[in-house]
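We begin with a single chain expressed as structure tokens, specifically the form predicted alone.
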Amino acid sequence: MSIIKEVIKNFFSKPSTIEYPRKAEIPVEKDFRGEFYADLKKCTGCTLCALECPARAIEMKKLPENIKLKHNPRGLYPVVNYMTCVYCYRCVRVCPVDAFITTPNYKLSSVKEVYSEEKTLKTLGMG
């Protein structure tokens, strides 16, 4: 008898979980580790972030031919694979020039690989 009572009670109660992505705006904590990407105005292409990444989610790529940065003589920049990343932010902490821009954006789910390349190139006004 108590089971029937419990079923009826739960049938008319509100859901205990948030329907994502239907209820898109879910508040996150201030220090939430979300999407991040390199600021090419600061990045020196030292590759330290890629070397320290425990998930090997960062690949160093060559800058496009038309971009020459004085502070980045090797012309390399980090591209993060968000599907491989474990969001430990080790790359953010080891960067000697604080080149990573961090955001609380968690909406990165996708059926295909998602990379930081486009946002990183936009830091130079490209992309």
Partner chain sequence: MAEREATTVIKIPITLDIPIGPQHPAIHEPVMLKIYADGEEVVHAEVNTGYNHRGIEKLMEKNSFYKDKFISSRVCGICNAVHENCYTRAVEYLAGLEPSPRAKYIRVLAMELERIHSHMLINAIMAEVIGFDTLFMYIMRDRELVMKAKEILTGNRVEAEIHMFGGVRRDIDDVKKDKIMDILKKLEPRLKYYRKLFEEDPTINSRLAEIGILKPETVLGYSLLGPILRGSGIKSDVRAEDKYDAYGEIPWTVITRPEGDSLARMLVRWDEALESLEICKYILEHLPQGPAVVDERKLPRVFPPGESYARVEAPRGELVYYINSVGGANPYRVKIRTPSAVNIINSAFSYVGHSIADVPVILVSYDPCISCMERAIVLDLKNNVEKRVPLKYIAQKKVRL
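In this text, rigid core is short for the largest set of C-alphas that superpose within 1.5 Å between two forms. Residue numbers count along the first chain shown, from 1. Here the structure is a predicted model, which means the values were calculated and not measured.
If you look for the form predicted in complex with the partner chain, you will not find it shown, but the lines that follow are about it.
In the model of the complex, no heavy atom of Cys43 sits within 4.5 Å of the partner chain.
Of the heavy atoms in Cys88, some are within 4.5 Å of the partner chain in the model of the complex. Though the partner is left out of this view, Arg33 does reach within 4.5 Å of the partner chain in the model of the complex, counting heavy atoms only.
In the model of the complex, the partner chain sits within 4.5 Å of a heavy atom of Arg93. Figure note: of the listed segments 61-69, 75-83, 48-56, 35-43, the one touching the partner chain in the model of the complex, with heavy atoms no more than 4.5 Å away, is 48-56. The two forms, fitted on the rigid core, differ between this form and the one not shown by less than 2 Å at the CA of Lys112.
Core-superposed comparison between this form and the one not shown: the C-alpha position of Asn10 differs by no less than 2 Å.
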